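Read the single chain below, which is given as structure tokens and is the form predicted alone.
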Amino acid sequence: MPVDVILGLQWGDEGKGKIVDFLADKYSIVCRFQGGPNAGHTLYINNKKFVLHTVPSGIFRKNVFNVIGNGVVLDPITLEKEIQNILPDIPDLFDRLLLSNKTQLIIPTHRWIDLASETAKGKEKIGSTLRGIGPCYMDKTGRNGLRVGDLFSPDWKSKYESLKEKHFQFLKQFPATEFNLAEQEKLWFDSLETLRKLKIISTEYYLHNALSKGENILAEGAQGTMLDVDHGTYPYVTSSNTITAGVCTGLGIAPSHIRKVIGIAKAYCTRVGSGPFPSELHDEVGEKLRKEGNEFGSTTGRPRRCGWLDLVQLRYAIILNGVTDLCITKIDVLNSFDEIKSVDSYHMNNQLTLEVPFNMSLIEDTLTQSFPGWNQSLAEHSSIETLPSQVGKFLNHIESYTSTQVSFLSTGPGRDELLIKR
């Protein structure tokens, strides 16, 4: 049976967690395949808010197993806090949460390096969340990393100390930064007790056996396509492959198993941190988007930069990921706008282009198309087909421009506030 994929098509924060939660009961297993604790997947279950950083978003569905894959970098401290927050609502969590033995571990000095490196950049900061994710991926590719499976070997503490010593040497190149290592190490070592309660598996064999038995698997991405380390707005990106290709390396499954790719995009655009953002609005319209959409980071609390839906960028993301079904979220944020716009082309080098350039910072201007607003709530509508004609016109333009069907439309934060095109 197949593997379906859910991932973000913009700069993250598209509302992936809700869609994973909504669809999870149709699958036996939900897997996180990349990223680290900078992810913040927000779910509203029975009017209660949950923010997941590492645990897959299928954990609230009974009888669904959830796997943290080898492509993830994991901070045991963050994971312990997350488990403590959700355990009262999920008493069988330790039976259904599984962890790859090849998952890389973030240790305290990774976060120290992240802090020192970002501080040293001054005005050139890339907007790191300072969670140690980049340095951990550096150790992974540098073949220095500490993995979950190492914790069960007799010499794991010597491996930890060896990696820490390498970090001390690396830190010498940066100006001194304040970091309470002793306090963080105590928290880290204490948190391993929770980690060891999880089922540690070889994801390659576990998922292969599940597929052989005819079980359906859902792969959940973190961040968004434009933060992909290869194809995003480099260097203002994350340290992993956030696109569909990352599913195979991050879980140990073959490309031939992938069936559907459900791409998530907001009805407008947001971005956290530095980096190019062609459709960004610096006026009262951008501020209204931020206010109506409550656009503040679920992990960092930072205000998000806001702008109109960028269809040039969205089409690029759809091509990269092989998207079969498009899901537009937060359409309700636009309910009170008299006019809605989309970016349909970029202007650079004295000409128009429909392609995302090598360096998005060189885009001089954008050309937009305007649509009339609908000025009403969409809460009472039970299907995409019955929506106001103004909404239909906006969605039809997205489909026409991207050559991809809008199969899902989220009209609110709740689990059931989702319209499906049959």
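Residue numbers run from 1 along the displayed sequence. Note that the structure is predicted; figures quoted are calculated from it, not measured.
Separately, the form predicted together with a small molecule exists; it is not shown, and the next lines address it.
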Can you check 351-359, 365-373, 42-50, 63-71 and let me know which stretch has heavy atoms within 4.5 Å of the small molecule in the predicted complex?
42-50
By the heavy atom within 4.5 Å rule, which residue out of 231, 140, 167, 330 makes contact with the small molecule in the predicted complex?
330
Checking 304, 102, 111, 315 against the small molecule in the predicted complex, the residue with a non-hydrogen atom inside 4.5 angstroms turns out to be 304
Given that the small molecule is not shown alongside this chain, does residue 21 nevertheless sit within 4.5 Å of it in the predicted complex, heavy atom to heavy atom?
no
Against the small molecule in the predicted complex, would residue 402 count as a contact residue? Criterion: heavy atoms within 4.5 Å.
no
